[in-house]
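One chain comes next, on its own, written as structure tokens: the form predicted on its own.
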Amino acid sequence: MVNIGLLGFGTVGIGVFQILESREEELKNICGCHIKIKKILVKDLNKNRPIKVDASIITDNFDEILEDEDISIIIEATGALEEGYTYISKALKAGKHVVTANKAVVSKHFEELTELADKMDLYFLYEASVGGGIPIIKNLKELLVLNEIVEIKGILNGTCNYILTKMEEGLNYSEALKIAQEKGFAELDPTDDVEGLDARRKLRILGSLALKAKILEKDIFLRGLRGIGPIDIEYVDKMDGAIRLIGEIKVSQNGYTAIVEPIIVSKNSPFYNVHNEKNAVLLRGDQVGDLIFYGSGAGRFPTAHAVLCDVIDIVRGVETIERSLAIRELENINKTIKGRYYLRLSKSSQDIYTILESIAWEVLHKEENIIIMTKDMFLNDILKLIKVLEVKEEDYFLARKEG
């Protein structure tokens, strides 16, 4: 018997519980033993829950789980940053393996928690923290045995992708966001998603693993979807393209670039037909070439499935306990990021038009909105110019053309 302490009983926690119940015999056949949730940590013991659970296994006291010697694996599914970190670090120090879907905790404390697990000779697994149900972390670790990863590129946030899909169907940004919130894809405060913070956390995790270096959130240039409007969807569609919020890390001889930003993808891009809440990640290895991973980036059962795949790996002992992560020192060269950019400004005047015309490869529109495709330019130079023109963030939209 393998006993689990489940921390949190929201969307992911309930999914874990339901899958374990429905697949009990299959798991026993695969693992050679029963896997059972012995205790569930909740905030409110009296809360009405959508599924029936034996009241004897529910507790609001974390120490009750921590001090239970029969519990060998902790699943952290709270979604809370500080509480999640406390639970994970205490669990590891108490000699318990940990599985989590909490990308905020993994991103902020990645090296610390990995090193703590290494020191304690325990598993700290986090497949569900990136890409929901997509098995990206495990595959990336396996690729690293024979490959140097030279590029990571992907749609890492299902909420943004859902909003962009709905805007392509004719809705404006506010309408698309409202539907995303109603369906549970977006939080009441959608800042982490639409500003790109969530995608940046996931890229930080993937990048640190892939490059075997300490790639922090602050090392990743960030631009979200603020300012996007129906006119941008319309004009990009005329270019036979689509807008996607993409996280990208590229390695060169001089160092690496890391950015999350809107990108215009063409119809032959692997990201063009990625719609709704789906995620897609491209890994480019020096030996294996390009590999694409696609699937549900969020949701109760895809995320719970990823969590339980980690649990199965621990029970079967098929995963390798991670050792030191940051074994390389690489220079961040984000200042070299450049390309041809779609730029739309709602603030219009003859002086502004004259300035924008001087950097334009093509002028697409010049009436109430000025829309251009820039020449091949450094991103920093474009942003400096926008600042000089005193254009507010909500009055412009900028997206790099892929390729």
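Throughout, we count residues from 1 along the sequence that is shown. As the structure is a computational prediction, the values presented were derived from the model and not from experiment.
The next section is about a form of this same protein that is not shown, the form predicted in complex with a small molecule.
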property: Candidate from Leu225, Ala280, Ile249, Ala298 lying within 4.5 Å of the small molecule in the predicted complex - any heavy atom; result: Ala298
property: Listed residue that, although the small molecule is not shown, lies within 4.5 Å of it in the predicted complex (heavy atoms), from Glu168, Glu187, Glu115, Glu148; result: Glu187
property: Arg200 within 4.5 Å of the small molecule in the predicted complex, heavy atoms; result: no
property: is_contact(Asp310, the small molecule) in the predicted complex, heavy atom dist at most 4.5 Å; result: no
property: Interface membership of Leu156, the small molecule in the predicted complex, 4.5 Å heavy atom rule; result: yes
property: 4.5 Å heavy atom contact, Lys108 and the small molecule in the predicted complex; result: no
property: Segment that reaches the small molecule in the predicted complex - one of 238-246, 158-166, 225-233, 266-274, heavy atoms within 4.5 Å; result: 158-166
